[in-house]
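First, one chain by itself: the form predicted alone, in structure tokens.
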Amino acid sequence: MKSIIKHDSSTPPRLRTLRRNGLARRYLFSALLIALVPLGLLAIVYDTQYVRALDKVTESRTNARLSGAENLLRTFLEERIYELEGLADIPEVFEWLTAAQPGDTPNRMMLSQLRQQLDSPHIYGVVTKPAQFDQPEWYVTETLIKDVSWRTLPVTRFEGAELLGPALPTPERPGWIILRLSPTGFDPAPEAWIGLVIRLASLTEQVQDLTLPGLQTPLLVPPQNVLLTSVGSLKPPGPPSRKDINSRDFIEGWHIRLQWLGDPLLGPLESARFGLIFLAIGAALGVIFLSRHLSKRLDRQVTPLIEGADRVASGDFDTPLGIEGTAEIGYLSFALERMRLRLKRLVKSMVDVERRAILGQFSAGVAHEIRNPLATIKTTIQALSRKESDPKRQKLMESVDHEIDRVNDVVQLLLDYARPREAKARKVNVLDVVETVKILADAVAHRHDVELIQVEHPPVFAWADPSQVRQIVMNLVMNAIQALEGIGGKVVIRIRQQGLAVYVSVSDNGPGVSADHLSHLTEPFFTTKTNGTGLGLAICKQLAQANQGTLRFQSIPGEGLKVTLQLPLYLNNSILE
């Protein structure tokens, strides 16, 4: 995405754009979308499809179990009808139902047949209603029919028979139903019939398999619209639940109800569902918080780098960038800081070279204009001096001649600085150079009460121009002696070889140089001496660089100055020899 840069004169456009459309913000925003979209889709899919699929599977399984229970109930009643048909087909029973007159009693054979039915665990007894009788004959215990009017019981047709009841259970007696069959059919109105008094618990226990402990309990709902448990007892009515499941009528007016007891199994799933939703929301909030935190942290780390780069671009090489941050930002800060320092040295070097060139041209012009008339003046003074008889004037002319020599030396320095001689490197015995310088400078040192010490060292060879090395060392020694002029002290010359370099150090115990002046010692015309020209160390640095060497200054105010000349070591296999 291409950003639109808008800026005014008070704010750098690049910095403002980066703050608003930073890569870190874009990256974190993209990461936020990548993380949240799948998480949100997962939560939606789970909340809809998975739960819906689970409900469908549960519903399908429940319907199958209900169908199985309905078949068991119907089969149970069909078996009782089959038993009843067998009983009605017995000749004695049929004759009793059709031909018995009020006041007659069943014979022994019939009673024997009826007793055989009582052996079934599902049967309480038998009831018969001969055609000529007004009331049926009950072959059951008196307790079962106490306070029960068979004419008030609901009647339901089933498979050519009829169900009467149920007679609901009470604390004094159990519940039961009558399954009756007419040997002549029930149309138009039953006049003679025989029935089995069936245990209500035997019927209701057919739905026992629908029980899911703690989750669902099966109930049988008869035409009275009461609730019968699987053991044949009445269940107190309560408020229905929307999760209760009612089957279709397996017999007219009879159906099964699965009463919902709670969420002992689905509760954890529902909890997991809401937990997932809360987890998704929490994860989204966490990602947002983390993204915002990282964005601010990156902004705090990147913004100083951008501001520092802008400072460097505007020419400020002295203010450090401030190396902060971790990992990549830390490495980037380190690289930018190193780039700033290199740019600073490069710019300083370029400025120094340009300044030297200008000074060289200026010095060469001034030296040329001074040297010619100076030679004429010197020749004239010498000629006049030879003819002068007055001693005072003679001495005055000698002083003028001496000052002319001094000015000539300065002019020579200007020429040396402006037109440095090209170094002709060869094998140099640095120890010989130092000993020669010491011999030449000893007289001057003695005159200024300075002790000149050379630390012993075996011969060491450098690859440089011998005369220029001697000039550098002599200049350093003379500067050290002049620093001790009037106060006395000692100057120590040391030679050291380390690696592929040779070091010659000249140190004194004079007043030293302040830190502010230390970095300007090699600048042309900079001097701390009252009668100095400020060109000696500048020429030394120039000569050292011409010989692939360097000059390093170390000083502690009040303890002296140490100058170290580094030169390349002479190698036996040098092709330049």
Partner chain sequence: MNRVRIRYLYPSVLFLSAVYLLLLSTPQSAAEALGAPEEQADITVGCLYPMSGRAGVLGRDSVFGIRLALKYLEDHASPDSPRLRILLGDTKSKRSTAATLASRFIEDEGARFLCGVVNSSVAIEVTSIAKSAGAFFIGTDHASSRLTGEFFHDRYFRVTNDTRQSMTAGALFIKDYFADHLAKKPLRISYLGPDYEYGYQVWTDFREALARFGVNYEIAGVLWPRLSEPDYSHYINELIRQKPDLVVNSLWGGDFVAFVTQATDTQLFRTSRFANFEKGGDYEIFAQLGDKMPLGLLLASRHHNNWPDTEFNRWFVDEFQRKAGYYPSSGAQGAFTGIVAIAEAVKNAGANYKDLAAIEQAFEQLTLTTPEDPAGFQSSMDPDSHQIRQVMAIGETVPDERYPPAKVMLGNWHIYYPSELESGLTKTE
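Numbering follows the first chain given and starts at 1. The model shown is predicted, which means the values in this text are computed figures rather than measured ones.
Heads up, the form predicted in complex with the partner chain isn't pictured, but that's what we're talking about next.
- For the candidate spot formed by Lys438, Val513 and Gln566, no residue has a non-hydrogen atom within 4.5 angstroms of the partner chain in the predicted bound form.
- The single contact residue among Ser230, Gln482, Ser182, Gln454, judged by any heavy atom lying within 4.5 Å of the partner chain in the predicted bound form, is Ser230.
- Distance criterion of 4.5 Å from any heavy atom to the partner chain in the predicted bound form singles out Pro174 from the list Pro174, Gly308, Pro223, Pro106.
- Contact annotation for Asp147: none of its heavy atoms lies within 4.5 Å of the partner chain in the predicted bound form.
- A residue is said to contact a partner when one of its heavy atoms sits within 4.5 Å of a partner heavy atom; Glu83 fails this definition for the partner chain in the predicted bound form, lying far away.
- Taking the partner from elsewhere, Asp416 is found to have every heavy atom lying beyond 4.5 Å of the partner chain in the predicted bound form.
- Pro121 belongs to the set of residues with a heavy atom inside 4.5 Å of the partner chain in the predicted bound form.
- The stretch in contact with the partner chain in the predicted bound form, judged by heavy atoms within 4.5 Å, is 136-144, chosen from 467-475, 244-252, 136-144, 287-295.
- Contacts to the partner chain in the predicted bound form (heavy atom within 4.5 Å) from stretch 210-224: Thr211 only.
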